[in-house]
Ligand SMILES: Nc1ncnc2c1ncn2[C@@H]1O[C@H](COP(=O)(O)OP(=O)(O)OP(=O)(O)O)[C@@H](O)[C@H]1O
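The chain below stands alone, shown as structure tokens; this is the form predicted on its own.
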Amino acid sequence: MARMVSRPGGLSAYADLLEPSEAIEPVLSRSVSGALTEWLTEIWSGEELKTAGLTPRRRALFHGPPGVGKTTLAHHLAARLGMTLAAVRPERIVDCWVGASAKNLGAVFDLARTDPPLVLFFDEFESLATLRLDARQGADLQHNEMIGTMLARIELHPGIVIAACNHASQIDKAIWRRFELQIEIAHPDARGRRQIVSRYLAPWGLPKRSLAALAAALEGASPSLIRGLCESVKRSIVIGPKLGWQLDRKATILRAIAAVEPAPGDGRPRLWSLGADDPALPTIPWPLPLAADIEDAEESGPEPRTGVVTPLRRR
């Protein structure tokens, strides 16, 4: 988990300040990776874009189901730019007193005008930017006032703003249009699932055939669920002997899927539905081999990195 760093000026009262040195490399689909590479490149290409009558886009909305890594991605993007991420928490903005929520939101934008600049990130954006209401009560009036403040301030803010939401349909349409990029972050495809398993099962690993079979059994799983499964397996391997647990393949995998459940409403990947009867289980070598000892190990993509995310350089 990223370290929270306090800064003068009070922004830490509303946001967790996450430094570039602790960002983690995300696993992305090719389409999302391409869109984000384009955006990062254009941020450093202001002079070239000006000749075409354009300016770099400054506002992006990430939307998709919980657990797909939207916050991790925002932190990584800020790190690639060499900037701190100010991750605003909605519960620090919303207040029961009339006018207080809009005032808090305005304070966030004022405090985010820093030198050096930072990336302003709104997590759980639905809490701040849902559709405007037919204002008949004080709470409805306050919500609409906050929406008005968001509309005015987000467009005038000179820095980079990223927001993340789980339910795009709940976002006020006028606010949606204020974002120049709207990028869907979906559950990982088969390639992404293989990379996530390889990443979080390390230092153990799986040969290609087993990795492909397990990735198929994890279809529909979020990155956070796959990570939890892999880490649960590793914990069993490490502490199981101390507790006298059965450590055969079936017992270990069943213990792992019992300890890490999909979120309600997310659906159940095949591994959770079939359990011991899942056809992926017999393909998994046991005891698990170390990744370094597997001759046909699949390239897992970038390892999780802390302290070494390289800022994108101006070309």
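In case it trips you up, residue 1 is the first one in the sequence shown, and so on. Note that the coordinates shown come from a computational prediction; the quantities given were computed from them, not determined experimentally.
Separately, the form predicted together with the ligand exists; it is not shown, and the next lines address it.
- Shown alone, this chain has one stretch from 221-229, 145-153, 238-246, 87-95 that lies within 4.5 Å of the ligand in the model of the complex by heavy atoms: 221-229.
- In terms of contact with the ligand in the model of the complex, the residue from P65, P285, G275, P56 that brings a heavy atom within 4.5 Å is P65.
- Note on the partner interface in the model of the complex: the residue among L61, I257, L36, V27 having a heavy atom within 4.5 angstroms of the ligand is V27.
- Of the heavy atoms in T71, some are within 4.5 Å of the ligand in the model of the complex.
- Y200 belongs to the set of residues with a heavy atom inside 4.5 Å of the ligand in the model of the complex.
- Taking the partner from elsewhere, N166 is found to have a heavy atom lying within 4.5 Å of the ligand in the model of the complex.
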